[in-house]
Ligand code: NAD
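This document starts with one chain, in the form predicted alone, laid out as structure tokens.
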């Protein structure tokens, strides 16, 4: 079928298989063009491996260090009867597996509910049979819901402020309109549920299960991805329900380090920069902030995407041959360029004057749109978007 982008609100409901393959190849090309890294991971488990930072981490491990990788995610295969393409993450993973195996690397994916005990056990069995153990575990799950594996209760996260009602402006990306937004504060139940979904409990459960199954190598590292953000987004993000969940995630790192102490394992939270992702596009104020951030960082020549962030994390933080430099809360910071004083000062000077009339002139809204579509495989040179393509691609 011919696959076109179909945008509904902040989501694209279609994905292009060849375009997703081009996206994966573009990231591989970047990693292979970088200086060859030193000793790094050799057997890597990526939980949340199909998009964004998880996918970029898997690509960095495989094509930067020659690592065998096992990816876990929850993606939708194609439905040929309904002529519905698979999700972008599905096509990304198909392309990754093909390209990694062409390099002689082990690459296997498990599709299912990563929160469940059953999928954890399935992952452990695959590690035992094919990898024996893993020396790096990346935790990069981004889900709005979680069914707790012990109770069966389904929890939903919310995007709400905690301290006071949120009133600011946001961006309707589809029509380039800046509009006011008002969001009431979260209830205590909503705060707790968001922490259960997006906090560190599942990360800890994964590491505990892996350790008890004896599939973690000596000196194993595990990293979970976090975000903090600047003052402009604090009331809805850093000090909102998501920020509370990220606090819990980051506080889980030393607990996991204690859990792994007998194998000399260590856990880190890595605070990364704001990027166009399926998750960030759903958060009020973030598309507007990211559009401005991209313009400022591009003007200064310091813009990074997922793959650049992951390469720098691996090469200069995790596997540089030295202990990673941590902030006062024990976190790795890869958001240092975003949070640079000159970057945030310039954003602050422009922010109050942003409106629908000048949005296209003083932000990188077109770059935001282009990067959003690229998440779903659209807008890549060399891809014929007018041609019929096979949508029913299989993970093997």
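Positions refer to the first chain, counted from 1. Just so we're clear, the structure is a prediction, and the values are computed from it rather than from any experiment.
Heads up, the form predicted in complex with this ligand isn't pictured, but that's what we're talking about next.
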{"item": "Heavy atom contact within 4.5 Å of this ligand in the predicted bound form, the stretch among 44 to 52, 353 to 361, 24 to 32, 340 to 348", "value": "44 to 52"}
{"item": "Distance check, residue 75 to this ligand in the predicted bound form, heavy atom within 4.5 Å", "value": "yes"}
{"item": "Contact flag, residue 112 vs this ligand in the predicted bound form, heavy atom cut 4.5 Å", "value": "yes"}
{"item": "Distance check, residue 226 to this ligand in the predicted bound form, heavy atom within 4.5 Å", "value": "yes"}
{"item": "Close approach of residue 168 to this ligand in the predicted bound form, 4.5 Å, heavy atom", "value": "no"}
{"item": "Residue (of 278, 185, 234, 257) lying close to this ligand in the predicted bound form, criterion heavy atoms within 4.5 Å", "value": "278"}
{"item": "Answer option from 291, 123, 140, 252, heavy atom within 4.5 Å of this ligand in the predicted bound form", "value": "140"}
